[in-house]
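For this one, two forms of the same chain are given in structure tokens, first as structure 1 and then as structure 2.
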Structure 1
């Protein structure tokens, strides 16, 4: 193996270490791309790699970082005349040369590097799920489908209510009667569940509730066809895929690896804004559940604006707060007082049992105790 190939493979390995998953066929494409386009500058190599190895915008930032480490800044390096067969060799031969480059490459992939991995010391362990909790989760999975609000699907199904003539069925039927139409067939638009979006507060003040909240999130992901879960403390983390495993304890253990801001401070406003910046359309027409005590540190203007926007986007915006389990609770903190008008419901939920009660009340009505706005 030449030193050049070696270097390219090490580069791929470096990507892997940074968490950019590159399957074998993508690696193959990377080399095929180098072969075909014969990049003559590091800038070109950069973009060949960007197109073949990267599959999402966050990955692009990690890619950018690794690339700089292995090949230097994409704008400055130059290679010799490329030839189709041996372009790989030439690509790497250039490494370290700092001569000027006629091609100006824009700052790749937006600003800055990816946020550095937070310290792993804070990795959190959850207690094992009790048999009682398992039973509640099963119960939740059974009752969730009926509780999630529905909408009409755009996809027609045959039979059912008489909304539209089903030409295909009529034609197939009439072939048997020599083209005579004996009976009309119909199609209708069935209902389907709306998307469910969960925003779970995992900050320090929620420490005792967040395991059960996350178990509830696990149940939602396991049951609802269109579910998305995000956690937030000081930053926003998308955890839907992490929760989509068969075992609830395995899901929670995996979460501990991913959610690095657990038990820290709270930045509700900025976290919700981060969500709205990137994923606003996920909230559109969805059932949005915010699971948080709503205790925002410092200025709450950002939180109020974000909640207002969420409520405009969502079909239904429900806020679950452990504090609201207290019958005497009134949303008097500045943040909660300002957002309560934008909420469809503010419900007291502090464990799986109260969550089940809230689900039975279809996310809106007061489940026995708690406050309904």
Structure 2
């Protein structure tokens, strides 16, 4: 083993000690990336590691710290000058694509430094919540418990309907009457709310709608005890804990520091696959809401496969799209046309008022009869 390989293995060991999971398959991808790209600068090595070893925001922070300790300061990672050939390629790409696209996919063979720099520094600022929005959030909090589907608990509890004889309670009661059974006791399985899982698209095409979508997510987390919220643009971010604060504006301000891919590009399929790889159990038997316009970039095969698996896991899979608010809207894009059959409902929601209407309609389960406001 060479000294370079030994140093890289020590780096992986340092990640493990900082709590970053680096199983064998990730290590293999890391070394395969190095072998394929042959990074000549620490900046290029940084992004090879970030792309193959990091899957969450907490992991990225730990990765930055460990990488700085082994290879140098992060400041030196983003100022590496791209080669003249890369500069020409990036210029040509920027002329042919929108600014949002440039945040996601760099040109083939480029260093990727510009894309990652824009993504990490893109901190979204949210406007203060209006009094009207506060009132709608309060109405959502009142009406959500009745709209969320329920299921029977697996545990039996005393009282309620006569489903199972409670022998223990009968025995204890009979001790007070010298063994005589004066009254039967029963146990039953009470109902409970299903988990509510929100997957919120915060990409550039959703910039106009994502603030109200996140306010709706805040109302869900404040109301539903088993709610889980994830955001996605070019990466998946779990934000449930960030939303669990008393004030909605404080929650949005905290989100701005956590969701670093806001207003960037869109990778719906890879983001949903990342969710299924790590958190698939959360979708099992849950009410799953995907809040997105469904405009996937490039090949939509991954998006179609991920939505199909979500539909198999979920109790109900509902897609909220701002585009569906138009009465003439039809899901004709390749991605939405392919996933339409897997959805329980495709509903038009573009603000808190339409979200409240969808909640009052019990999330419009029947396909083709969704709420179009």
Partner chain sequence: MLLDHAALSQQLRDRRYFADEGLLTAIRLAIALGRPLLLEGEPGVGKTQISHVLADALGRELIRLQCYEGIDVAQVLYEWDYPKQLLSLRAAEVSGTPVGDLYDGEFLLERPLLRALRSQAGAVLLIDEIDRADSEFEAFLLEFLDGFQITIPELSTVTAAVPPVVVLTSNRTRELHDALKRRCLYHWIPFPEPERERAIVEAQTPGLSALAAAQLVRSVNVIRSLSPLKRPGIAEAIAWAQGSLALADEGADWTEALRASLGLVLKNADDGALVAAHAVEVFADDER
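Numbering follows the first chain given and starts at 1. All figures in this text were calculated on a predicted structure; none of them were measured in a lab. We call the rigid core whatever largest set of C-alpha positions still superposes within 1.5 Å between the two forms.
Here the form predicted together with its partner chain appears as structure 1, and structure 2 shows the other form of the same chain.
Core-superposed comparison between the two structures: the C-alpha position of residue 26 differs by no less than 2 Å. For residue 169, the Cα coordinates differ by 2 angstroms or more between the two structures after the core has been superposed. Core-superposed comparison between the two structures: the Cα of residue 67 travels 2 Å or more. When the core is overlaid, the C-alpha of residue 58 ends up 5.9 Å from its other position between the two structures.
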